[in-house]
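Just one chain follows, in the form predicted on its own, and it is written as structure tokens.
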Amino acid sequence: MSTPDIVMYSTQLCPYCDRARMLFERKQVAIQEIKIDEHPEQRELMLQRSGGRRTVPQIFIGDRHIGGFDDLAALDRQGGLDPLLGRTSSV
């Protein structure tokens, strides 16, 4: 099973974005990062996709909205992240 597309909306100075990026690096998966402070035209798309959530990061795995870093970390702790990444166990 291949890894689904992972999109993370972020900003330049964002400790939660850094934590999310490090979690994905530990999982050895590539992400597409869209920095909305560098590409402000992407902010509206982020708002639409996230149901109006304005904070960063906003993380999407495939078509599924994960939420922010706290949501991502909770999903990982509960064992739900690896299956979304197409894995059977933690790396």
Ligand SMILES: N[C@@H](CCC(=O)N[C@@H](CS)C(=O)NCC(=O)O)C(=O)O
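Every value quoted in this text rests on a predicted model; they were computed, and no experiment measured them. Sequential numbering from 1, following the sequence displayed.
Form predicted in complex with the ligand: not shown, discussed below.
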Quiz item: Are any of the heavy atoms in F69 no more than 4.5 Å from a heavy atom of the ligand in the predicted complex?
Solution: yes
Exercise. Using the partner position in the predicted complex, report whether G79 sits within 4.5 Å of the ligand, counting heavy atoms only.
Key: no
Exercise. Although the ligand is absent from this view, report whether A74 comes within 4.5 Å of it in the predicted complex, heavy atoms only.
Key: no
Quiz item: Do I61 and the ligand share at least one heavy atom pair within 4.5 Å in the predicted complex?
Solution: no
Quiz item: Since the partner is left out here, which residues of 3-28 would have a heavy atom within 4.5 Å of the ligand in the predicted complex?
Solution: C14, P15, Y16
